[in-house]
Structures are given as C-alpha cells and as structure tokens.
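The chain below stands alone and is given as structure tokens, in the form predicted on its own.
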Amino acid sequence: MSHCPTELLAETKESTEADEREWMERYSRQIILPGVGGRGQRTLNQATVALFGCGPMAIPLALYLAGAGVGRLLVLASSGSDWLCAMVRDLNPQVTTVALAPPASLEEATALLLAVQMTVLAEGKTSLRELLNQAAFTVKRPLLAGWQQPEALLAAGAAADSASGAACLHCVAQSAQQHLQGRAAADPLLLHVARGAIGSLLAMETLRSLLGHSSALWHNCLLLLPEQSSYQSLAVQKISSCPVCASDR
C-alpha cells in the first residue's frame, strides 16, 4: 500500500446519459431532502474523504458515507483496509475506494490532508491522532476524530479555520482527561459495542461539514458513557500550554 493518495486517485470520467439515470435512481430520495438537493448531492459525489481505521468504529462510518454517495474513500489502516474497501464497493459501486497505509511522517500527513476535503480518524493510536492533529493545524484543514478511553468513548473535531478559536485535538484530549479523572473504567464489552454509535455520529458530522453546515464538534467534545447509556457534551477551549495551537492564541 502506498502512503501517497494523489498518485492513486482516479481521474473523473465524463458521465453518459445512462450514468445520469443511474445516479438519479440511486440518490433520488436524498436529493429531495432539505439541505441536500441536486447541488448538495453533487458536492458529496465529488468529495474525497480520508478514513483512518477499519474496526467497529470505522465500519458504520464508511458504510454511511458510501450510502450517502461520497465519491471517494481513502481507507488508511495497517491491515484490513482492502476488506473494508470491498464492503463499501458492494454497497455502492459508484464510490471509488483506495486502500492506503497510514502516514509515517508529518510531511506525509499534511500531503494527505491537502488531497482530501475531510479527514476522519476512527480509533487509532494516540500517536496517530497527534500526528494528524499537527497536520490539520499546519494546513488549516478540518479533522474529525473518535477514540476510546477506559471510561468513555469520545468524538471531537479540529476546525480548519484557526481564527475560529476552536481547540485542537490535543487540547480536547487534555480537557476530556481532566473531566474523566476519578471516573471508574467502563465495561470493555459496552465500550466495544458503543464504538458503532461514535462511528455513526462521525458519519453524520462528516456529511454536515461536506454540505457546508457547521458542526458542534468544532467547539465541543462529545463523551459517550456506555455504563449510563448517555452522552455528555464538554465545551473545550485552547490550552495556553498546548504545543500545537498555543502560538495561535
């Protein structure tokens, strides 16, 4: 698998009349939705999303994006990405899928974010989240992420526009850790099952962002507490000592 998505992205082909009929049949129920329409559906069809992961959080995320008609999905994982790409193609053959290895450096990560409209991290190690966070801040591109702590599952975002005052994911993780301090660890089985809920949420927020709608995740961290079957929204702000975004204050 390559680290460079730009070498693997296929050129957009000219659509035929038959292609247009198939497109209308597949997406007609979405096109009539308020906030989507024909223009919005074309926007989704022309979008490229980088998705990190292929586990319980990534699977519903990938399938919802494919069902909605996101044109290209780059699936980045150390293993299993070919299997998830095949599942996506079975659901929607009109979606182009590319299996890639995760970036190994900040240079590769920034090149990836510049090649796509949205980047979504579905689980992954802390080191990968920090790498993508640094890349997102460097090139001012949006990043959504979901990850697991012993006490809860989290979903948050780093906004493309640093002038908005939104915290980066490093700030979010620090704020969440302070909030969760002292809370007992959740049942691992409940955490595992709840990953799909975070994946579905990330899919919804990805589509909202692609369609030009604001996401509450740019300024808030959503905590899913499986032991209580509840969500908590945690407002987060930049941390003055943050090594990533403190200089942007």
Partner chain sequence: MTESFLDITHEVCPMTFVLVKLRLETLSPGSRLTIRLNGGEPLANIPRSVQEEGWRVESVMEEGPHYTLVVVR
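Positions refer to the first chain, counted from 1. In this text the structure is predicted, and so the values were computed from the model without any measurement.
The discussion below concerns the form predicted together with its partner chain, not included here.
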inquiry  = Between Gly196, Gly55, Gly38, Gly67, only one gets a heavy atom within 4.5 angstroms of its partner chain in the predicted bound form; which residue is that?
reply    = Gly38
query = Which of Ile32, Leu189, Ala216, Ala185 has a heavy atom within 4.5 Å of its partner chain in the predicted bound form?
reply = Ile32
query = Taking heavy atoms only, is Met24 within 4.5 angstroms of its partner chain in the predicted bound form?
reply = yes
message = Please tell me whether any heavy atom belonging to Gln181 falls inside 4.5 Å of a heavy atom of its partner chain, as the geometry stands in the predicted bound form.
response = no
query = Exactly one stretch in 204-212, 219-227, 56-64, 38-46 has heavy atoms within 4.5 Å of its partner chain in the predicted bound form; which is it?
reply = 38-46
